[in-house]
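What follows is one chain in structure tokens, specifically the form predicted alone.
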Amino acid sequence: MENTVSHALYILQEPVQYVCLLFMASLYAMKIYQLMKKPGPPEKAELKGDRYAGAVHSLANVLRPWGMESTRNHMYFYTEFVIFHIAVALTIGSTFLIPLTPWLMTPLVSKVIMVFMGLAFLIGLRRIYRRFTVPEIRIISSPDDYFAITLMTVFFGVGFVTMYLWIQGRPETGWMWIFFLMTTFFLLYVPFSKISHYVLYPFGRVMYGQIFGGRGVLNRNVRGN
């Protein structure tokens, strides 16, 4: 499919996105640089395990749902997690593929993305409901948590309709405008929100792994310095 759109939509889909993407990348680069300068967690106790093996073990924790009680006992939570984050990746990818390589957005590819968007929308609704109704989640939720999950859920809903219209051969609609306006907002907002946890996650997991790996908690059978 050709992405034949007006000049105004082209400006939104490409130059505006590039500027906002550069802004987000610059903030992330500064944040990562600051984190890289911080020393690793000190350990005064005698090492009973390998801190580096512990860091690797901790980083890979997301791939081992059986290693956490919450996901081991409730695998549907992990299934939701996987589907939701695949949908995030596909949705982000579509914001590049639509303007740059529209011929790759075949009906089959678009339908796959559309399905994940739809599932993520339903998962988002469930997560919003849980934040309002589960006491232990509500008490640790900040305004940013509510705003972020609501915005993401709406984004998936808008993306679902946008992708449906794209499959119908309608590359420029009001929905496409809303979809890319929301993309623009996300690029500006995410570095300041909890959605940026994906940048902080590796640093947190490495630090956790070094501490408990060195103490032999995560890797009891591995000894090191």
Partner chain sequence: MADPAEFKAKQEDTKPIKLGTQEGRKWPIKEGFTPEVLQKMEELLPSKLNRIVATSLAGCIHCGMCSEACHYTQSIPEDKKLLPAYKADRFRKWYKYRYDWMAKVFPSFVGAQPLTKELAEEMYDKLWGGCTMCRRCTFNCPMGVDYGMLVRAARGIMCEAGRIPQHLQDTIDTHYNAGNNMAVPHDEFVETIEWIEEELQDEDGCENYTIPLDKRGAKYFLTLNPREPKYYPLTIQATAKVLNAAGVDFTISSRYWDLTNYAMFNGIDKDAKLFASWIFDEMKRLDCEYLLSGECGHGYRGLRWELPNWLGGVPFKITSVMELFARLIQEGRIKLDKSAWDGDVFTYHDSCNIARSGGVWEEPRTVITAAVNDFREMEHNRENSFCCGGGGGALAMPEFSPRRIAAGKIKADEIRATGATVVLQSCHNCTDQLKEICEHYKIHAKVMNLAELLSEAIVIA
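Note that this is a predicted model, so its numbers are computed, not measured. Throughout, rigid core stands for the largest set of C-alpha atoms superposing within 1.5 Å between the two forms. Residue numbers count along the first chain shown, from 1.
Beyond what is shown, the protein has a form predicted in complex with its partner chain; the following relates to that form.
Shown without its partner, this chain lists 104, 137, 154, 128 as candidates; in the model of the complex, only 137 has a non-hydrogen atom within 4.5 angstroms of its partner chain.
When its partner chain is considered in the model of the complex, only one residue from 161, 56, 181, 68 comes within 4.5 Å through any heavy atom, namely 68. Proximity of residue 142 to its partner chain in the model of the complex falls within the 4.5 Å heavy atom cutoff. Interface residue remark: residue 63 is not counted as part of the site for its partner chain in the model of the complex, having no heavy atom within 4.5 Å.
Its partner chain is not drawn, but in the model of the complex it has a heavy atom within 4.5 Å of residue 40. The closest non-hydrogen atom of residue 189 lies within 4.5 Å of its partner chain in the model of the complex. Shown without its partner, the chain has 27, 30, 31 in segment 14-32 as residues with a non-hydrogen atom within 4.5 angstroms of its partner chain in the model of the complex.
With the core held fixed, residue 61 shows a CA shift of 2 Å or greater between this form and the one not shown.
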